[in-house]
Every structure is written in C-alpha cells, then in structure tokens.
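Take a look at this single chain, the form predicted on its own, given in structure tokens.
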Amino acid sequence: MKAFRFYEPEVPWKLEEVPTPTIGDNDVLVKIKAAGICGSDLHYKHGRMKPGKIPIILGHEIAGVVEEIGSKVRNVNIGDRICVHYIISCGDCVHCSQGNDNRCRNRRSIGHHVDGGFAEYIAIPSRNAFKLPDEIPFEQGAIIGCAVSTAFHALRVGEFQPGDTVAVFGLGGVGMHVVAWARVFGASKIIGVDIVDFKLRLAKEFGADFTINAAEEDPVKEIRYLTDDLGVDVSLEVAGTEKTMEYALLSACESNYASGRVVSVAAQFKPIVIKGMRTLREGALRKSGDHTRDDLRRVIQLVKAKRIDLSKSITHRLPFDKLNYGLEILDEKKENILRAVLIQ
C-alpha cells in the first residue's frame, strides 16, 4: 500500500510503498477514506513533539470502511463505515475502569506510538472502530475523531453548565468546535478570540455572540466589559501560547475572591506563569487531554441527530498525495483554512 512516512523534522514526509498491515484475532483492517490534518501534526513537522517510533505513519483523524476482521471480532462487520478512536487503551487499569481511557496507564496512541492514518489502510483493535452512521460523511467522521470530540471533552472538563458564559482563545480546528459545542450546550454568551479575521467571521457562524481580534484590542478588557466585569464562567485556551494562556486566566477572574474555570486545551511547550494564587481563588485551572470513548460515542449520536452542524468545518478537501501541501497551508496560513482532510 501507499503511505506517508515521517523520518525527521523539517523534511517533507515521504510517500512510499509499504506492506499492508496484517491483523490479529481482535483487530480490523480499515480501508481509509478520509484522514484529517491536525494542528498537532505540525508539532511533529517542526520537532516540538517526537513520535513514539521512527519511521512512522502519522495521522490520527481517520474514517473508512472495514475490509477485514479478526476471528474474535463481534462489534463490527466487513463493509461497515467507521471512524477511529485514536487512543488504544487496556480497558483494565484504574483509569479505564473509571471511564477515563484517555488516562490509561498502558495507553498507546494511533499516529504517535503506532502507525496512523496517512496511508491507504490501517490495522486497529476492533474496540477502536466506532460505527459511522450513513448520515455522516467520511470527511466529517475523520474530524469527529479528534477536533470535534476533543472540543466536546474540554467543555466537560471545564464543568460547563447551561447558562455559563464562555471565552475561547484560539479559533482553529478544536477552538472553533468549542464555540459550536458551547452553543449546543446552552451557553448564555460565547466570546471567540483570535488574530485572524477569517476565523473571527467564521466563529460567528459557528455560534459566537462576540468576537475579539487580540491583535487590535485588549481581549481581557473587552471580556470584562461584555460580562459586566464578572469575567467568564469558563475560559478555554486553544492556541498554545503563553500570551493566550495569560488572557484565558485573567478573563475568568472577577476579583481577588472569585473566578471561573480555566481549561488549557492546546499543547503548551513553554512555562506558564500564574501571578499569585489569588488569580484562581475559588476557581480552577485544568488541563484537558484528548477525549474518551464515551465522548466519541456521544458526539457521533449528536452529529447524527443534527444537534451540531459540521458542514463548514472542513475548508480544504485534498487528494491523498497532497499531504505535504496540506501541512504547508495549515502551517503558513496561506489560505483561509480551518480543517483540511485527505480524501481517498
């Protein structure tokens, strides 16, 4: 089969002929129909993150059709449409028993520890294959596996309640879906913050009541104004910079005696400075990590029921052999891009 393999940072990923993976008794072989390009793939490209092995086939947003099943597989059949849960968990440790498979002590990640979705086929444990209803296109199924479900999980980590006010810092593939889910969940006020006008305009279509260009005005000051100086109930940092983290913290604070909940969603590669613990008195600072099997199950059902609209989530649909081009436009922001998906 054909697959893109990663060897080292700052070098284009190589399209090569590699053996089609074989499966065990509890595995399935999937013919990949769509694979999303995630912002985290850029971390590998630039060496900010190192994969668990080299060379490796990256890519963790995956949807396709089951082509072969192991002898003990019962949850899916040949021909089923599926999306892939990229967290391979043991199912037995204390975290798995609590429903937190994203914290599994024996966790492996598809597209990090084991070969991922930038290929024609992938072999996965059958429990990582979630049936995709006919109503959901493969391209949406791919991004449901990360960008959409990770955003859903982040709001749950922030203990969102209907009527809460929400600020989202960074309106990329995950941040934009945080905005969309906040609308679905019943936020009373949603504020989107970015420095790209295209994303700010699109955020309004996804459900933001207000948008702020942080390159032109002080977002903390504006959020204070929009919330009667209370700050927001839930503030989510989805850009991965020290400055946006600072904004997120200050935007959730009413005074020295009360604050909301701050959720760090994006990977942070530099130290975060919290200026005094009074900043989060009676509030919380939490780090959201991926999503769970239950999150993915719920998201699939909500998309099927049309509670959330993903029709505008994918701005670029590219042929499989254009992976490096997709990484380039996502990295350099040459075009108005939200999410790019490789279509096979």
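Each residue number is its position in the shown sequence, starting from 1. What you see is a predicted model; the values in this text were computed from it and never measured.
Absent from the display: the form predicted in complex with a small molecule. The rest refers to it.
| query | Looking at 265, 223, 124, 248, which has any heavy atom no more than 4.5 Å from the small molecule in the predicted bound form? | reply | In short, 265.
| The single option of 136, 93, 214, 88 touching the small molecule in the predicted bound form, heavy atom within 4.5 Å | Spelling it out, the residue with a heavy atom inside the cut-off is 214.
| query | Hey, of 145-153, 202-210, 227-235, 159-167, which bit sits against the small molecule in the predicted bound form at 4.5 Å between non-hydrogen atoms? | reply | After filtering at 4.5 Å, what remains is 145-153.
| task | Please state whether all three residues 62, 129 and 301 have a non-hydrogen atom within 4.5 angstroms of the small molecule in the predicted bound form. | result | No.
| field | Partner contact for residue 76 in the predicted bound form: the small molecule, 4.5 angstroms, heavy atom | value | Close contact is absent here: in the predicted bound form, residue 76 is far from the small molecule, nothing within 4.5 Å, heavy atoms only.
| field | Distance check, residue 43 to the small molecule in the predicted bound form, heavy atom within 4.5 Å | value | So residue 43 counts as contacting the small molecule.
| Is there a non-hydrogen atom of residue 241 within 4.5 angstroms of a non-hydrogen atom of the small molecule in the predicted bound form? | Judged by the heavy-atom cut-off of 4.5 Å, residue 241 is in contact with the small molecule in the predicted bound form.
| Quick one: is residue 338 in contact with the small molecule in the predicted bound form, heavy atoms, 4.5 Å cut-off? | It does: once the small molecule is placed as it appears in the predicted bound form, residue 338 has a heavy atom within 4.5 Å of it.
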